[in-house]
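In the form predicted alone, a lone chain appears below as structure tokens.
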């Protein structure tokens, strides 16, 4: 199960809505081995595409250096789908290289960047196998 605080959840949703019609992407880092998503980092979609996301390699390397220095790891790796459901595509599955991470997808297909709900789902992706998990949005992490 992914447990995430309301502030981080709202920030991910806001990022997805703001970048619509292009896909948004980012990482939520947390202390190594803790499974606690604590530090939300919006990333640039270097692909600038409504159907594909790609982390900017320089920005991603800089973030990984920060995480190493802070004894952090990527707890959540997220991106949005702008025209399809919040389910990993074959490309998403192929790019999933962090077996310990929660892969969050936010679909903005119904309301785009307007008011209205989004589809927010989380998955574990290990060796090409996708398993959906429950998401608990908490006022604060315990």
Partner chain sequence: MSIEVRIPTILRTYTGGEKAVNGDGASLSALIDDLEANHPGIKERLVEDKNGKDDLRRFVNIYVNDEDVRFIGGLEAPLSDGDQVVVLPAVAGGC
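Residue numbers count along the first chain shown, from 1. The structure displayed is predicted, hence computed values, not measured ones.
From this point on, the text means the form predicted in complex with its partner chain, which you will not see here.
Residue in contact with its partner chain in the predicted complex (any heavy atom within 4.5 Å), chosen from 38, 35, 42, 54: 54. In the predicted complex, residue 112 stays away from its partner chain, with no heavy atom inside 4.5 Å. In the predicted complex, its partner chain sits within 4.5 Å of a heavy atom belonging to residue 95.
Of the heavy atoms in residue 50, some are within 4.5 Å of its partner chain in the predicted complex. In the predicted complex, at least one heavy atom of residue 89 sits within 4.5 Å of its partner chain. Counting a residue when any of its non-hydrogen atoms is within 4.5 Å of its partner chain in the predicted complex, there are no hits in 107-126.
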